[in-house]
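Coming up is one lone chain in structure tokens, specifically the form predicted alone.
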């Protein structure tokens, strides 16, 4: 007890400064998450409250078998969406950051600001823009196909195409955060490495692959985890572009959680699916940290 009193006396006042943030986090984040965990084991109703299900894991089993396994389709779509969007974001971000790095400070600042604009644009606006682009009658994508004499394509209404149209829209959206962070990381690499490579006769591609890419590995890890979490939680883009779901072909994990929780009011199933999503993200993030972690210092 003496140690605790000494700690409080010495450092307790400093915790007063973060107390508002701690209270906000506890009330609006931690408490709802813990309550959702409880609900995931219950048959919960807003009117009659919660009732524990038997067996205790029944909601988790039903989450995977509900409506002939739509949740499994949602998991598959989410994983595919994540693979394509994360690889595209990291690849495009690395390449574009490398292209603007040799420019002058003023031009680098201009391009960073220009590329970062999508990050400050509402996801609703981006989704609506892509919905207009893929409109089957007068969208820009339809205009391009007509230029080449191709028949009209039902980009967002054909079950075989709709999901891939959403993936394409995400891939073609510039990875603003990746470009800015990669550019900042490249600016911190000592120029001596590149000068030594020049003396050895290394080509620009060789310098990029053997110096730049390895030395931004820590930034790559952060961005991979960041984009993976965002991709697993994709909702706005699909909800805006394909609100009908096109025969469940565009269902993802979060759209399933939304449908079960806020349309069918099946909060037990929705909470169980949410914690399945949490477990998937945690496992993938742990694997990414194990593979991409780096102790490089320069």
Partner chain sequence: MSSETTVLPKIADAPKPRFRLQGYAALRWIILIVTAVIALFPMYWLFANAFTPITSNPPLTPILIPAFKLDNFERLLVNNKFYMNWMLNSLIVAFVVTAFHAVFDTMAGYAFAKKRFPGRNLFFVLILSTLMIPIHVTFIPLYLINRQLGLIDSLWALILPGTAWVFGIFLMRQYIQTLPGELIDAAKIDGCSEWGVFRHVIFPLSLPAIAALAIFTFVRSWNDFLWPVIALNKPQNYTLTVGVANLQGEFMTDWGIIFSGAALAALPMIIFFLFFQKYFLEGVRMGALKG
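From a predicted model like this one, the values you see are computed outputs, not experimental measurements. We call the rigid core the largest set of C-alpha positions that still match within 1.5 Å between the two forms. Residue numbers count along the first chain shown, from 1.
Although it is not shown, the form predicted together with its partner chain is what the next lines describe.
Proximity to its partner chain in the model of the complex, taken as heavy atoms within 4.5 Å, picks out 221 to 229 from the listed stretches 208 to 216, 221 to 229, 75 to 83, 157 to 165. By the criterion of a heavy atom within 4.5 Å, residue 145 is excluded from the residues contacting its partner chain in the model of the complex. Taking non-hydrogen atoms only, residue 30 approaches its partner chain to within 4.5 angstroms in the model of the complex. Proximity of residue 264 to its partner chain in the model of the complex falls outside the 4.5 Å heavy atom cutoff. Among residues of the shown chain, residue 204 is one whose heavy atoms approach its partner chain to within 4.5 Å in the model of the complex. For the stretch 131 to 148, the set of residues having any non-hydrogen atom within 4.5 angstroms of its partner chain in the model of the complex comprises 132, 133, 135, 137, 138, 139, 140, 143, 146, in sequence order. Superposition of the core reveals a Cα shift of 2 Å or more for residue 284 between this form and the one not shown.
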